[in-house]
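Listed next as structure tokens is one chain, alone, in the form predicted alone.
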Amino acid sequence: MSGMTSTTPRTQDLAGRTALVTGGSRGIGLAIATEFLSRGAAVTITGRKQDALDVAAADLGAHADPSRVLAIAGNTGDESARASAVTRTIEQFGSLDILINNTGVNPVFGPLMDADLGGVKKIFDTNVVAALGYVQQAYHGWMAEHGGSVINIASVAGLRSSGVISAYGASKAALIRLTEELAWQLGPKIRVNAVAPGIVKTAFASMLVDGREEQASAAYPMGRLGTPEDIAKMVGFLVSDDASWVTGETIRVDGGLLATGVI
């Protein structure tokens, strides 16, 4: 089953906590939801398509108590959808302790001088503005009073220029700066961190690696591309009490790619 692992959970350190994972029906988002469930949390997953969410929720529920899984369809870029997801999560589970801003789009490739500005605006609206919108909803709905942890899924493209996914990279650079600002403004009760993956084998990244995975992997010191579970394990650490003095950080999970000086 995509996104699921057969490993036995080592702890239940997230028991009693509730997480909302955007873009949770597949790939990195689904792996993060799986990780949280395996550690005892209740999880809401969101996405645009209810049918895809229903399949993901059924898979998640088959490996954990299905009463700890909620699937809510809605466009991340829609303010009312964000408000509904937060409100329904708190109503269902009684809290919202963890927010994962995982939704990302990239309809623009190639040189910026040829970029469609409508596409660029969509990238920033979804990848940056909507992420802030979700933090605002979580803050006012629960975290301002009770505290919590926010993880923004960024990208190595937000840390170094690629020339190929440049508009996307610029949006992720903005998300990284947003992470730092929020960590400063929302501490000490709310921790805000980011994870910057390299290329992870998901449908989202398929345009970059289809037919050339061996060539792409050769650029990584670890000799392979990432998996959604690689990212989920880091996110699980960052939201846990083991990372209680970590905030405002962007953690690269990139198989050593940026250590080579290229992207």
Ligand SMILES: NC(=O)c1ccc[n+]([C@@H]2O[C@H](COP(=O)([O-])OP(=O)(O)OC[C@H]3O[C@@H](n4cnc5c(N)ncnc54)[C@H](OP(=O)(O)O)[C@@H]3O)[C@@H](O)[C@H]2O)c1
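Source: prediction; values computed, not measured. One rule holds for the numbers: they count along the sequence shown, beginning at 1.
Same protein, other form: the form predicted in complex with the named molecule, not shown, and the subject of what follows.
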Open item on the list: Residue-level question: is K172 within 4.5 Å of the named molecule in the model of the complex, judged on heavy atoms?
Closed with: yes
TODO: Would you check, heavy atoms only and a 4.5 Å threshold, whether S25 touches the named molecule in the model of the complex?
DONE: yes
TODO: May I ask you to check whether A57 falls inside a 4.5 Å heavy atom distance of the named molecule in the model of the complex?
DONE: no
TODO: Check whether V69 has any heavy atom within 4.5 Å of a heavy atom of the named molecule in the model of the complex, and answer yes or no.
DONE: no
Open item on the list: Based on heavy atom distances of 4.5 Å or less, which listed stretch (83-91, 184-192, 101-109, 141-149) is in contact with the named molecule in the model of the complex?
Closed with: 101-109
Task: Whether K49, I153 and G198 all lie within 4.5 angstroms of the named molecule in the model of the complex by heavy atom - done: yes
Open item on the list: Under a 4.5 angstroms heavy atom criterion, identify the one residue in S95, S166, Q137, T126 near the named molecule in the model of the complex.
Closed with: T126
- [ ] Using the arrangement in the model of the complex, list in sequence order the residues of 57-74 with any heavy atom within 4.5 angstroms of the named molecule.
- [x] G74
